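Next up: just one chain, as structure tokens, the form predicted alone.
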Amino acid sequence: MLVDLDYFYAQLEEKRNPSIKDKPVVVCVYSGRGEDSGAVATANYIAREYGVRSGIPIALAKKRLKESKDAVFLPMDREYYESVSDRIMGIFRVYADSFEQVGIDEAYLDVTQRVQGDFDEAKELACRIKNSVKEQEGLTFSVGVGPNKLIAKIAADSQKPDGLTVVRPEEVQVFLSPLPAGRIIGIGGKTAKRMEEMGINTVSDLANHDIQGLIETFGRVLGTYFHNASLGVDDSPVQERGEVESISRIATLKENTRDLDLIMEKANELCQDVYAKLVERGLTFKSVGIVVIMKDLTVHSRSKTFDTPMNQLDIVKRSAKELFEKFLNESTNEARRVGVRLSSLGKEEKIQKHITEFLGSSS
């Protein structure tokens, strides 16, 4: 099963304030530069009818909703959303043989043993899970049930909100064939356009296309994946994810700039934030990375990797400064947003000795 909590942030805001449930609700990530500066995180289905989608500028969302005088725009409350997500994921885990959370609002559940491979039993189990979450948290979610993760994901996207779609093994080709090729996970706008130029519009077209031609166009890994996915083939297991792969923070600068001192003023705050998370989880890092979103909204990243695990704040700050300085020397554009990331994480049993260093450095 793939379980996908419906328009999660906006649905939580509706739950917290029922008076807005029948209005267009838009949850936003504000940049702090002005009342309408930032992007839409999610929107309820009423707002979506006006063309409001995740990722579009807040100003554009307001323009599209200008005829709806009761539209509600709210800032993200990440802590609240995460606390509810944790409780719901706990409910999902109870029903799964194997569990894999893939986002704050999405998870895979392998229930093969629990239902003994019976898809009718799986459908009944999905209904019980939906009822359990509805009773305990007052929220709805959509479920896709299939013979593998790929089919379950596509099925979950087929009926929203509060949907339940079951695709049995013998129904896979009938289910997939008429769908647009872009419904295959991993086929974005540019890839779909390239496929259209190749005469591939539906999943059926993709399945019937010469695999060698796909490999020549998209490379061996992607070409083979697209071919297998079009046939509904996916052998990836549902499994608990290991340690957090990275810790990162990103923020908007007060103004677009190429001034290293202004950038580092914000970046040092981000360094302390990610380092605090590192210490809290008792981890080390081997790689420090930066992200720069430019004035023209292009995204760039740089990283520095060490031979041995590190856990010192001064190394994080010094590495970030080196990377930002190097990047600015290579670019003529102005930075709009900056981020810092620690990756290649590992456990550090004696991390405690560095807590005092962190506290002292951040005072």
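The first residue of the sequence shown is number 1, and the count goes up from there. Every value quoted in this text rests on a predicted model; they were computed, and no experiment measured them.
The form predicted in complex with the DNA is left out here; the points below concern that form.
Contact check for H227: no non-hydrogen atom falls within 4.5 Å of the DNA in the model of the complex. Contact annotation for S301: at least one heavy atom lies within 4.5 Å of the DNA in the model of the complex. Looking at R249, you'd find a heavy atom of it within 4.5 angstroms of the DNA in the model of the complex. Contact check for E137: no non-hydrogen atom falls within 4.5 Å of the DNA in the model of the complex.
Using a 4.5 Å heavy atom cutoff, none of R114, V316 and K347 lies near the DNA in the model of the complex. Contact with the DNA in the model of the complex, judged as any non-hydrogen atom within 4.5 angstroms, is confined among 168-176, 201-209, 127-135, 99-107 to 99-107. Proximity to the DNA in the model of the complex, defined as a heavy atom within 4.5 Å, holds among G90, G282, P237, G219 only for G219.
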